[in-house]
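Let's start with one chain on its own, the form predicted on its own, as structure tokens.
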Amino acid sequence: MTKVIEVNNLTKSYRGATAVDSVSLAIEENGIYGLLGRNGAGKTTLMKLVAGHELASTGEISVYGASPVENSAVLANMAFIRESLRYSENYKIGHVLKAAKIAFANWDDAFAQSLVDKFQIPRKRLVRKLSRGQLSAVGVVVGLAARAPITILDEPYIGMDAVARKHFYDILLADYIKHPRTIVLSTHLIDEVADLLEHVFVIDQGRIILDANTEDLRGSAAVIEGSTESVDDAVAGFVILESQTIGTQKRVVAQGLKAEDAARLQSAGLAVKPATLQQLIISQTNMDSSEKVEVA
């Protein structure tokens, strides 16, 4: 596979505060990637750096083999859509779509118009007077209809309600299947996007703490619940990612269980179920940096 984005030892600091800390990663052509992490973890800063909107303090960024900073050839193949996008005071949705048609070579105007109707964006209202959900939908329309070879979506959909977001995820996947491209979703809504993602990067306090294919992650950890004594005896020898005790009951997220291990624990009266991607990531970000483990 062709690597379209490569980041090596990237650091970005603001007046002594480090927002992105020695990050290295690679993103290949045609896939849906997740950049996951809590608010303030460094997601937006990293995406701004990749999109050439910020200058790195140290390190290197390569997009199609070149720096994205002030590089029109690179940026012509990229759409960077973020929640905080602002439009001209007098713009209506029609003006936004006309500007996008000029900006993006692969723009599909018919698709954009259909999305405006699907997300019920008022065509006659000034964009600055739209609700937060409607404004988020504008960003989603542009991000999808641009069909840029590299599409970075930095939570433009966060203002939409849960039903509208689910609609967006369904449309995104269907359109990606028809028109493959490299899509990066930056979000903290992990469970909502888990089924879309082929690969995840988890960022915490500016550092990448997890870089893995989602297929490798699925089934790599399990949630075990039961009496404290039973759980403690059962999980000896496994890597414990998270542990919580309430009264006489204990719940752990354990890594390294095989099918026969799960069957043995269940026969001993313990509840065992696969950990979700969100549980796995939360357990990782709750750990001290010295305790991070590599997910096999």
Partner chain sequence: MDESGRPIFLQLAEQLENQIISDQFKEESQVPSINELATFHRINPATALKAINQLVDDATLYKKRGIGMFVNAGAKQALITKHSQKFRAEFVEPLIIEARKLGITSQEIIQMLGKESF
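Under this definition, the rigid core comprises the largest set of C-alpha atoms superposing within 1.5 Å between the forms. Numbering follows the first chain given and starts at 1. All values reported here derive from a predicted model rather than from experimental measurement.
Below, we refer to the form predicted in complex with its partner chain, which is not included among the displayed structures.
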Kindly confirm or deny that 7, 23 and 211 each have some heavy atom within 4.5 angstroms of its partner chain in the predicted bound form.
-> no
Between the options 61, 234, 253, 32, which residue brings a heavy atom to within 4.5 Å of its partner chain in the predicted bound form?
-> 32
Taking 4.5 Å between heavy atoms as the contact cutoff, choose which of 117, 161, 109, 215 touches its partner chain in the predicted bound form.
-> 215
At the 4.5 Å heavy atom threshold, is residue 266 in contact with its partner chain in the predicted bound form?
-> yes
Closest heavy atom of residue 197 to its partner chain in the predicted bound form, within 4.5 Å or not?
-> yes
Please run the contact check for residue 275 against its partner chain in the predicted bound form: heavy atoms, 4.5 angstroms, yes or no?
-> yes
So, in the predicted bound form, is residue 166 in contact with its partner chain at a 4.5 angstroms heavy atom limit?
-> yes
Using a 4.5 Å heavy atom cut-off, indicate which stretch of 117-125, 189-197, 153-161, 203-211 touches its partner chain in the predicted bound form.
-> 189-197
Spell out whether the Cα of residue 206 moves at least 2 Å between the shown form and the other one when the two forms are superposed on their rigid core.
-> no
Residue 139 C-alpha relocation of at least 2 Å between the shown form and the other one, rigid core basis = no
Establish whether a shift of 2 Å or more occurs at the C-alpha of residue 257 between the shown form and the other one, with the two forms superposed on the rigid core.
-> yes
